[in-house]
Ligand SMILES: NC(=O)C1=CN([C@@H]2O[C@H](COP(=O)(O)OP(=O)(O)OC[C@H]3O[C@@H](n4cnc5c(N)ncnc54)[C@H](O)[C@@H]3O)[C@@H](O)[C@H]2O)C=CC1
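Heads up, the chain below is alone and in the form predicted on its own; it's given as structure tokens.
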């Protein structure tokens, strides 16, 4: 009989589900790391919340551990690379607190509209300042959603019930899905210019960090009210305070901060500012939901091998795994590449296989492509939940097998459709194991995709490679590998360089300023 340890306080229904499913369970909470090391070796599964830290040291003592389940979204307390190296599956429950978080955003929106915290403090201080607090109605106001995924769509539904006009910015939101949600899909600049209220529902990634920067906040409508129940770091907090102090921003409510716990902040004490201590998931119902979900997921895996919401494992049979593993590594790299390079909203993505790849199970390959593609915009996506997230956003995903024989014995091609047309990348396996890029946007190029890289599109002309090398060398950046392709002599050329460290913004600006450069950007694999 499988045995699970619940090491953090969790709703009793979790233990009940384990027992009903034939899993032995111990509820032992509050243990120190040393105490946990002493007992973890006897368990097949570990159910945690945020208190237990599943470190490399803990995992070294977990000789029988097969799966870790996090009741909640964040897995910062789990060393996923170490777990993967040990063959331990890590799962979370990304959708258990969606309604609770959405409701908290709506509550903060009401509180901003009517200045409820300040009015409460004033009244309890015996001031009765009825004329001081003049609020605004939500009816007929425009709500701007930054992020229209699971939580964002719930907020939109609630806002429409309040008779608000809802506009949304989300790179993955298709016109069809926007129509289904009853929202208007807009660009970020349009949203900033039109929204009376702005609420953020996007993960923190390199692309979304400081999405509401000082520059973006300057583009907002005067008097805008801003709510963030998603992730700290999405808003430039110093710029937000400046906007509040100047009166350009009418109010702001944050449930999350760049540094947590937020014991101090430049925003504290600012007029028209509301803060809560990361309460988005803090309701009785949400805690019950995530406890039930993590218990069901762990029991499914330990009893029948089912995999749900795994962060480090695709859905595979034991027979398929060895053959598909290198293809999935290739697919994820191709998805990541096209995700980083695609411009504009992506409405469709096609995964094509030819040669030996056409005879394989394409579902895991597709999952790997989508995980790589969407990881650019999401910190919780994985090979298992990526197809679900793509469907939720209305992304048209196609799988195509070709019987034809091409230049390579096996080939995987990924093509994305945007408003600017289709863009395609393709790769193969060398020795049936090593992923290799062989085509980039119609240009033949052979390259390994690993670590930090520099991508440059330039006019093919003598002396360019020397100037680029000099620029990187003067900045102290060492080139690992150098890959070149071109459409024709004197035409458009593509450079992919692996570098020992990521290219920063200042150096990237220098590269872009070189004569003949059309595009330059840093990539990470």
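Since the model is a prediction, treat every value here as computed from it, not as a measurement. Residue numbers count along the first chain shown, from 1.
Only in words, not in the display: the form predicted together with the ligand, which the text now covers.
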Item to check | Heavy atom within 4.5 Å of the ligand in the model of the complex - residue from 203, 355, 387, 452 | outcome: 203
Checklist entry - in the model of the complex, which of the listed residues (138, 82, 73, 329) lies with a heavy atom within 4.5 Å of the ligand? => result 73
Checklist entry - Okay, which stretch from 303 to 311, 404 to 412, 345 to 353, 150 to 158 lines the ligand in the model of the complex, with non-hydrogen atoms inside 4.5 Å? => result 150 to 158
Checklist entry - Would residue 230 sit within 4.5 Å of the ligand in the model of the complex, counting heavy atoms only? => result yes
Checklist entry - Is there any non-hydrogen atom of residue 280 lying within 4.5 Å of the ligand in the model of the complex? => result yes
Next on the checklist: in the model of the complex, does residue 435 come within 4.5 Å of the ligand, counting heavy atoms only?
Outcome noted: no
Next on the checklist: Would you classify residue 171 as touching the ligand in the model of the complex, given a 4.5 Å non-hydrogen atom cut-off?
Outcome noted: yes
